[in-house]
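Only one chain is shown below, in structure tokens, and it's the form predicted on its own.
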């Protein structure tokens, strides 16, 4: 059984998801043995739906990995739109660029390599949508900067906010895990929920996804 959502429900949702493409399918299949921190296809579909719903033309992503979530996001962009995506690992960034090219999206994606805490200061907004899926210990330190880069009415979407249920004390499927990432995500959840410029809701899809709209 899945930690957050039962396997049967996840399988049902996966069967309904027909929004993928051969490049996405190949990346997901290859990652079965690699185990890289990629979003699930259902989260990818959610990203594409939300980006499409708000008519996003500029998107920022923290945590490129090998470009899987970025492909979902970039597919929602119109011609002339741009995804700026940040990745700390140079080899993963190189592979991401190759995957974006394979997906026919190289002209609307800019991969920035380096520490997001340093690179984010050089990025100019506003963005319509920001997807946070990088180093969990940086979720809170980057929060105010990301909100500043977001346009009013724009979306901040954050992955892994339920962290296999470890952020929930007394969660019935296992003991509360109090490691550094768990504490970082728990703190982020409190901060984003109380942020004066955000209205936030969290959905228990896969590992938990929070969706925040910038209100002012």
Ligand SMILES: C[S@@+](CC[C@H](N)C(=O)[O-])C[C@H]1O[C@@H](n2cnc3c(N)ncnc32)[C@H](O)[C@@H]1O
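No experiment lies behind these values; they were computed from the predicted model shown. Numbering follows the first chain given and starts at 1.
Keep in mind that the form predicted together with the named molecule is not shown, yet the notes after this line are about it.
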Within 4.5 Å of the named molecule in the model of the complex, do we find a heavy atom from each of 162, 166 and 189?
-> no
If you check in the model of the complex, is residue 104 within 4.5 Å of the named molecule, heavy atoms only?
-> no
Please check if residue 154 has a heavy atom lying within 4.5 Å of any heavy atom of the named molecule in the model of the complex.
-> no
With a 4.5 Å heavy atom cut-off, would you call residue 39 a contact of the named molecule in the model of the complex?
-> yes
Any of the heavy atoms of residue 84 lying within 4.5 Å of the named molecule in the model of the complex?
-> no
Since the chain is shown here on its own, which stretch among 181-189, 49-57, 64-72, 146-154 would lie within 4.5 Å of the named molecule in the model of the complex, judged by heavy atoms?
-> 64-72
Within 4.5 Å of the named molecule in the model of the complex, heavy atoms considered, which of 111, 120, 77, 138?
-> 138
Just give me the residues of 115-135, first to last, that have a heavy atom within 4.5 Å of the named molecule in the model of the complex.
-> 115, 116, 131, 133, 134, 135
